[in-house]
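One chain comes next, on its own, written out as structure tokens in the form predicted on its own.
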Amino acid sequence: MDFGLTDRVAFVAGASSGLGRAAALELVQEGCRAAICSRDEDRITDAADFIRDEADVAADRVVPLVCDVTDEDAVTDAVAKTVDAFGGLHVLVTNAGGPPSAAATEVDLEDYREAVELNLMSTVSLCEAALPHLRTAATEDDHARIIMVTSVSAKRPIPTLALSNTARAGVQGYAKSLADDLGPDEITVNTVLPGYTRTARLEDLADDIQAETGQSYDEIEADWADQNALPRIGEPDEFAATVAFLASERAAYVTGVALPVDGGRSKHLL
């Protein structure tokens, strides 16, 4: 299947590792030119090298940028540098690391504020910075996509992830609102909700559970897998393939969707 992504321009946030890097790699393999960002210069430079090597593309097709997505000025600057480097922007992938794990009664107001800044306000900031360029892409190239990385916790809260449950739900509300507003401009807005996927973030969560319960990592992973219809943990490239589809020409009539990529963990009807 041709996704129609050849020479489209993508901006992927939080792409130094994990799901962000996997999504960026998939988009580049499908033909995109990509700007990727993270707070750490060494890590994002390494990620750019990794993506170029894996996708076997020229160095100038992947641009690493240092950007703290909670800094509005830094976000605006990173998007501007992307457009300067590639001449436009067609695909925005919003993404940021998850807040610390904790129950609702174990965190304070400042923890909630930081979680909302990290996951919700960074998403709003990225969209605001990208929108003028996406409107141009929709008009000139008939291709403009916003894809927000959230979590299955937005549909089914996880008891130990109160901060994520709260902030990710806000992202879902924003995405639904934005999809309605941008529909007339032919800009699609969708969210992708990963379940338990084999990343460093999952290892950190396992470490927290192990410290509290004494379970081994294998036991923790087995417990997670048992919650899914597919009894295993997801892989980053499986998640990334979904992002690439939503970024594609083929997904032009898909908007306002919250799409779980969780091996059937979510048991809701809708």
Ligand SMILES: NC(=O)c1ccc[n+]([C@@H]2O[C@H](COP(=O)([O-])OP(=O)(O)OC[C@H]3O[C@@H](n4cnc5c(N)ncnc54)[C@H](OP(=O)(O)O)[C@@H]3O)[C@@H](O)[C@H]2O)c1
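Source: prediction; values computed, not measured. Numbering starts at 1 and follows the sequence shown.
Although not depicted, the form predicted together with the ligand is the subject of the following passage.
- The three residues Leu118, Arg168 and Leu202 all sit with a heavy atom within 4.5 Å of the ligand in the model of the complex.
- Contact between Asn228 and the ligand in the model of the complex is not found at the 4.5 Å heavy atom cutoff.
- Under a 4.5 angstroms non-hydrogen atom cutoff, the ligand in the model of the complex has Val69 among its neighbouring residues.
- Although the partner is absent here, Thr197 is a contact residue: one of its heavy atoms lies within 4.5 angstroms of the ligand in the model of the complex.
- The ligand in the model of the complex comes within 4.5 Å of a heavy atom belonging to Asn95.
- Contact with the ligand in the model of the complex, defined as any heavy atom within 4.5 Å, is confined among 50 to 58, 214 to 222, 34 to 42, 241 to 249 to 34 to 42.
- The contact with the ligand in the model of the complex, taken as any heavy atom within 4.5 Å, belongs to Val149 out of Leu163, Val189, Val79, Val149.
- In the model of the complex, Gly14, Ala15, Ser16, Ser17, Gly18, Leu19, Gly20 are the residues of 1 to 22 with at least one heavy atom within 4.5 Å of the ligand, listed from first to last.
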